[in-house]
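One chain comes next, on its own, written out as structure tokens in the form predicted on its own.
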């Protein structure tokens, strides 16, 4: 009887297994296989060595800068927002609704809005600076400002998702732990450092994993924000979309490199989360 029950449960997940194999595993393996081929069908590594001429190193650096900066901003601000959402106060429902709104805005739409905000001529950001007697800034003029507007736009769009994940984790913490720590004389900072953060480590790892994978794939934001100006920064996807789209095997090689980076990042985050769980 037990074996029949197990087979029944297995059959229920068969459609999911087929879906993952057909639309995730097989395409990924196919791209890796094609990345080592030439148009004539021979095997080579020249597709990878040629990427150096297309700005692979600078694209890797820019992708890491954007990803790390956005993740740090999103994590700290989201944790702050989640802790505010945990406190009952007048207008808490309205606050929670406002916080979630950016996540419901399409990426292309939010990118277009921020392109208008940071427009060098007539942009709202420069109008704000001029209103305070400051000089306007050419936001697309340097690599630093381009990185800044991409990171800022990305963190505004995706912080609500991280906040919701952290809020669910905070909701699962037992109030008795905080009450016991308060009785023992622990202040707010010590409770945060020794109770909140250690218990939130697994949830924070999940949030970082979800957002980190998306950060490495960032494309629409730089395309809309800086695509109409001479690009001084190039994320991996954006760079190879604009330079290798006419050479399909180079594109496969670029996609394989991105896949490897994401896999290494995912394993690192999962390993760190598991290590923290074990330590707890």
Partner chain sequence: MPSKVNYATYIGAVLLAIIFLYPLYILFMITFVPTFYTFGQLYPPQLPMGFTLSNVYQSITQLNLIKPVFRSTIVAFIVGGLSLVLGIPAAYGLSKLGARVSNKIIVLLFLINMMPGIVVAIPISVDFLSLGLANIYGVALAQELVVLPLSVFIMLGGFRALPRDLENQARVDGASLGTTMLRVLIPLNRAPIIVAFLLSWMTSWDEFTYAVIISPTSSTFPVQLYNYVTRGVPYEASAISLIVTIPVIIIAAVLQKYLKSQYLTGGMTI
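Residue numbers count along the first chain shown, from 1. In this text the structure is predicted, and so the values were computed from the model without any measurement.
The form predicted in complex with its partner chain exists for this protein as well; it is not shown, and the discussion that follows is about that form.
- This chain lacks the partner; the member of 37, 217, 49, 58 within 4.5 angstroms of its partner chain in the predicted complex by a non-hydrogen atom is 217.
- Shown without its partner, this chain lists 197, 210, 144, 72 as candidates; in the predicted complex, only 210 has a non-hydrogen atom within 4.5 angstroms of its partner chain.
- Using a 4.5 Å heavy atom cutoff, none of 43, 45 and 64 lies near its partner chain in the predicted complex.
- In the predicted complex, its partner chain sits within 4.5 Å of a heavy atom of residue 122.
- Residue contact check for residue 128: one or more of its heavy atoms lie within 4.5 Å of its partner chain in the predicted complex.
- Residue contact with its partner chain in the predicted complex: residue 264 places no heavy atom within 4.5 Å of it.
- Although the partner is absent here, residue 104 is a contact residue: one of its heavy atoms lies within 4.5 angstroms of its partner chain in the predicted complex.
- Contacts between stretch 27-66 and its partner chain, counted in the predicted complex as any heavy atom lying within 4.5 Å, involve 27, 28, 30, 31, listed in sequence order.
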